[in-house]
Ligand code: COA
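Given next, in structure tokens, is a single chain: the form predicted alone.
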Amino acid sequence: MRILLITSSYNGLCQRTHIELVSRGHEVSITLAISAEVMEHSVELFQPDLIICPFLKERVPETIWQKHLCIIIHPGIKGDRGPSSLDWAITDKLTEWGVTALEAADEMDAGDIWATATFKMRKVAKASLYRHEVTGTAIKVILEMLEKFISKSFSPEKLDYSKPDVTGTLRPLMKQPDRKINWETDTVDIIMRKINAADSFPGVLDTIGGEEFYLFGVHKEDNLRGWKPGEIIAKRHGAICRAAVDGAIWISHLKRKKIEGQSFLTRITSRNKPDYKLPATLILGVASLKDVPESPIDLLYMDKAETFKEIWYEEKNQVGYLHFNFHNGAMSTEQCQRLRLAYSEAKKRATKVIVLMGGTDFWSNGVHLNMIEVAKNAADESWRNINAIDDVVLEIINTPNQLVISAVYGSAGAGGVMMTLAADKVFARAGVMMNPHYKTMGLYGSEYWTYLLPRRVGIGRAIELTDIPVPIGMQKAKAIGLIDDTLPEEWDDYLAELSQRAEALANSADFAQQLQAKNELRNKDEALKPLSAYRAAELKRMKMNFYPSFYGGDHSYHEARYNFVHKIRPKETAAYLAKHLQLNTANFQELRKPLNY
């Protein structure tokens, strides 16, 4: 069946929808909802049997939904309507929410209902709920809707608020007055809920030192306290700790509010004040925080107290679990350096297996593009960052006394994918999306990928995975050897099976033989071609990306990074996603062939 996906961006949900549909044999094309004309042209070229909109902020033109069945995937329960669905669900402390597949109609989110399902709410950021519960439930709903469509016997349900199971309602766009924090009265729980409901967009607008910023990344603090609610009482690894009426919270990231209609002079003087998301201490600056004390934390944090931590460690039954949960999976130079030191310490402990847990939303997405963009010299910081992450990968590869598992619960991209392969075994949650390519950012790539990837999937497949910028699902990843096996979707089930496998490996009768075989293979590989040679060759190509004027490369990396950081929307859908454009080109080439009379 020909299915067209119309989407505002090729985000995680759209990627997974794409992968799931293709794996079931459907012919899928994708178009970004850049304009009504673009959407109409895409439909005209592809002539789809069905249109699905997995993530759409724009309105579908009437000319499309009146002629084609167009299914909107709405992150809300039956009857819920409006653009701030999850925001209100978090704010209202709901324990259950859902996803609904409904037809596009004249009234937004009021079309006929094809399928719906619910999920339990966690007390986490909106973005985390979206990446896990919403995405997983949306896939179930899409597949159910698809079965009904194929059957040709299903009649969708009209939206009827008189029915007892229609418990949703029309809710307005949540605005900043709805999100505003009152530091004099709001408790830690209320503050966390407000920031979680706005993460990762639009953030909660607040004033710090007389200037307005959007707040992101909230974490509870168990031990620190302050006298004045709202005051900054500590700092750590880019985050700030602020007092509340009944405790304290950490805020990891800020974004400066843009000044609309500012004068030329103001733009010149504020050139060094970035208006994109960055660590809070970097945004506020050294001068404004000079009297704020550092709150140190152990390199391998093992305490149970809640606080802001990017790296922490657990140990049980000869297995060490190293967590590194960096915001959006981006790893700056300094974060990479801390992770390398933490891993080095973990290797010194009396364990048999080390499990690299990564983060729950993203395992890792490689270098930190926002930190590179804000640096005085982006090329130099790119060079420092890629070398720092290379050092982490090297440290993992050279682990002679333990077997290492990469446990991938959150999705991974670019260098983050390659870093998973430094382990001896790779297990991934069934719903993970991996993007093993560097192409969309105009990079050749490093992280020892030219060594790690071919030894798992072969040279030909390695070139394909890095050259073609499309995601890969875990079913295919296992089939081609990129990962060893999949783990369950649900967190508790995932952890249970992961710990069972890790402990079984640690207690296996042939553990010593497995470790010996690993080290012998590493020595053999090193003799054939040292790791330093792989790294040197990769970094030689990366210099062309970072310093194009000096080494004869192009400026695509610097342009792509700028567009990514400043959220500049693409002017067209990438050709590798827009199958309808490929078909159009093929038809054009066919028309150019000479006629044989």
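As the structure is a computational prediction, the values presented were derived from the model and not from experiment. Numbers for residues come from their place in the sequence shown, where the first is 1.
Just so it is clear, the following notes concern the form predicted together with this ligand, a form of the same protein that is not shown.
Contact with this ligand in the model of the complex, defined as any heavy atom within 4.5 Å, is confined among 510 to 518, 186 to 194, 410 to 418, 453 to 461 to 410 to 418.
For the options Thr351, Ser252, Asn370, Thr137, the one in contact with this ligand in the model of the complex, meaning a heavy atom within 4.5 Å, is Asn370. Exactly one listed residue, out of Pro279, Gly320, Gly358, Gly366, brings a non-hydrogen atom to within 4.5 Å of this ligand in the model of the complex: Gly366. At least one heavy atom of Ser200 is located within 4.5 Å of this ligand in the model of the complex.
Residue contact with this ligand in the model of the complex: Phe362 places a heavy atom within 4.5 Å of it. Using a 4.5 angstroms limit between non-hydrogen atoms, Ala243 is distant from this ligand in the model of the complex. None of the heavy atoms of Phe324 is located within 4.5 Å of this ligand in the model of the complex. Although this ligand is not shown here, in the model of the complex the stretch 106 to 131 places heavy atoms of just one residue, Arg131, within 4.5 Å of it.
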